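First, one chain by itself in structure tokens, the form predicted on its own.
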Amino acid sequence: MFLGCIADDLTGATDLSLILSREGLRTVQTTGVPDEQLDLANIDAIVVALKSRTIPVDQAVSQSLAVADWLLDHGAQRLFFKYCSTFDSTDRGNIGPVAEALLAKVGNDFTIACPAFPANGRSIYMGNLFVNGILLAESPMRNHPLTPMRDSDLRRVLRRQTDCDVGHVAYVDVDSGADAIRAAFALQNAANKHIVIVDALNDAHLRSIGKAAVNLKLVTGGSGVAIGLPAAYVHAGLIERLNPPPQKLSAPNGRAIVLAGSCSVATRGQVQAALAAGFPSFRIDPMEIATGDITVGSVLQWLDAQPKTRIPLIYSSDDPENVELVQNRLGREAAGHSVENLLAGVARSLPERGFSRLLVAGGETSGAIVEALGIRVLSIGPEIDPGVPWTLSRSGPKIALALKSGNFGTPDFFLKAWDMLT
């Protein structure tokens, strides 16, 4: 193992694992600190998924440091801290405090922060994050139920989270290539800027950033900035060679199902496309969970009545105004946890019912379901859409999983994903 990665949620870990695998690193993904029994032979990178995006800052820092200790003790020469490409966080954290703690852990005083992911519409210009050409603070992320993003300037966002001096590497340097970026890094470091936001508008910029960052002990960002790292590591002689990823995934035989807990614009569109295509569907209302009208048992009873040749859709996705009404009545965290717990309870009973192919939408939902199934290690399969691969469990029940960030995927994602399984 050369590269050790810490992701603040499960779908983000899967997203990063896909990028590294696609670019040629033999990658496995784990949930939480890996077991000592994990076979590290023929592994270039490990991506450890935490559920630390919205937990208290001190817990996020301590969990991230525990993973960093394990990775460094088991040979990692570089660390990568992965967070969402929309910089999901609050003024209290957790991106800044974790990055600051990891920087101290590796004994360095300089790193970058680059959540850009142009393939999914995330770009950075003049230090501001854009989502599909719209400033972050004017995008649907301004209404995120857990981490509403009301400031597009990542320099300001990060300065509110950390005591580190925050700098900026501008487009003009990034567009000039790796040497210019490296020189800009040196100037920022000399000016005592310890974390620098780096502009990026396309994949060529990300590959140049990767070349410039090849010697950094810690890189932080979205999965996009990892695009340039594998080739840069090989070119620098740090890794021997790159290995091509699989094009198809041999999935266990069994039934397929979609579980959607995200209320993002992308997932709501995917749900509507699936409904229009005739997927048998069960909508989960958090208020009905609270009253006891919807339970794990009632959902499973509905599921057992569905034709085995169809792909059922169980979803809680709803419009922002309805989500806000529910949150006002139940509380923001309580509403989310009730849905996650119910979907996790349903997922726990799926293997015994013959389901072995699961598509899950939503980071928090994915984490709850993987935990409920007892899956700790995943192999990375082919890419369905940018940032979303099929994976195969290497612990727990034998299951093929597509774990999708709420914001990712084309409208027909729920329909087309199954074509990549054999």
Ligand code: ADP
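Everything numeric in this text was worked out from a predicted model, so none of it was measured. One-based numbering along the sequence shown.
Another form, the form predicted together with the named molecule, is not on view; read the next lines as being about it.
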One residue of V219, A344, L154, V326 in contact with the named molecule, assessed in the predicted complex (non-hydrogen atom, 4.5 angstroms): V326
C263, C114, L229, L129 - the one with a heavy atom within 4.5 Å of the named molecule in the predicted complex: C263
Is E340 a contact residue for the named molecule in the predicted complex, using a 4.5 Å heavy atom cut-off? yes
Mark D318 yes when one of its heavy atoms lies within 4.5 Å of a heavy atom of the named molecule in the predicted complex, and no otherwise. yes
Given that the named molecule is not shown alongside this chain, does A335 nevertheless sit within 4.5 Å of it in the predicted complex, heavy atom to heavy atom? yes
Given that the named molecule is not shown alongside this chain, does T27 nevertheless sit within 4.5 Å of it in the predicted complex, heavy atom to heavy atom? no
Just one of 379-387, 360-368, 32-40, 56-64 has heavy atoms within 4.5 Å of the named molecule in the predicted complex; which? 360-368
Heavy atom contacts to the named molecule in the predicted complex at 4.5 Å, residues of 383-417 in sequence order: S405, G406
